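Only one chain is shown below, in structure tokens, and it's the form predicted alone.
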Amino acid sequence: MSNIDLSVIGKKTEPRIFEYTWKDVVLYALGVGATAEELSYVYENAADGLKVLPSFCVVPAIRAFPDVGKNVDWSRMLHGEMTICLARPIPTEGKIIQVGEVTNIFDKGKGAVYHIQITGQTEDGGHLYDVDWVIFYVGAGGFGGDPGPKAEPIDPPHGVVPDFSISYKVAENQAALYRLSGDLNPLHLDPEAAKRGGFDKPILHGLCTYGFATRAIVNGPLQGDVNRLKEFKARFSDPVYPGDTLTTRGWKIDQGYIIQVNTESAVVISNSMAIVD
């Protein structure tokens, strides 16, 4: 069991500035599989203007992580869930002011669960987004803490055909490209690092899979309108490997869609919902 520093809960970082240009927006889109056929994601002079995929907010957010305590073994920190909430469209360039905070640490027995929120604002103070990580720290439970709330299941209706289904093949070099947006964990590129992490070979970033799913939601039921996606909550349930095909399926509900993402052999994003306008 590792020492859990509960004193980090509620401590906010100093405001951190993320400055970016259209090139960062395009690099992210390419990193989550966008092609030259999707000009509005990859071309700064697209006829209908450059569009920013809503999940781009994870790129600045990852740079505003708060202190989670000393002597944390990051090789045992697994990304469990991800939620983005958009208050307004993300500009194609500019500065974003961010603050990070560990909002809670729960004791799940087999591990500790960290809830981390990054809040982004525009330069003039307008609320832009909240990005929420849930990270499972393997083997760090049993410290006598609050077990936290039980997650409500979000399951597709049994036996019902999805309202949309979109498949994208993940390129063999996808992780090498996605990491250039800021997530440089060697687990996703270095075979030796992957073996130390318990995998036979490098796995795709969970946030890259999340970006593929976001792109499918926008391109499918939202018909390319990036401004309609307001929230996307997802649980990472199985690893994805470069070369896999990701199929994103959605079942219509009042607020939006229940989402599930599969490879050929596994459900890789579950307990997921997209809230749309």
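All residue numbers are counted from 1 along the displayed sequence. Remember, predicted model here, so these are calculated numbers, not experimental data.
Form predicted in complex with a further copy of the same chain: not shown, discussed below.
- Only one segment in the set 113-121, 172-180, 96-104, 155-163 has residues whose heavy atoms sit within 4.5 Å of a further copy of the same chain in the model of the complex; it is 172-180.
- Proximity to a further copy of the same chain in the model of the complex, defined as a heavy atom within 4.5 Å, holds among 251, 241, 43, 65 only for 43.
- The partner is absent here, but in the model of the complex a heavy atom of 27, alone among 27, 52, 246, 57, sits within 4.5 Å of a further copy of the same chain.
- Within 4.5 Å of a further copy of the same chain in the model of the complex, a heavy atom is found for none of 78, 86 and 275.
- In the model of the complex, a further copy of the same chain sits within 4.5 Å of a heavy atom of residue 189.
- a further copy of the same chain in the model of the complex is not approached by residue 11, whose heavy atoms all lie more than 4.5 angstroms from it.
- Heavy atoms of residue 184 reach within 4.5 Å of a further copy of the same chain in the model of the complex, making it an interface residue.
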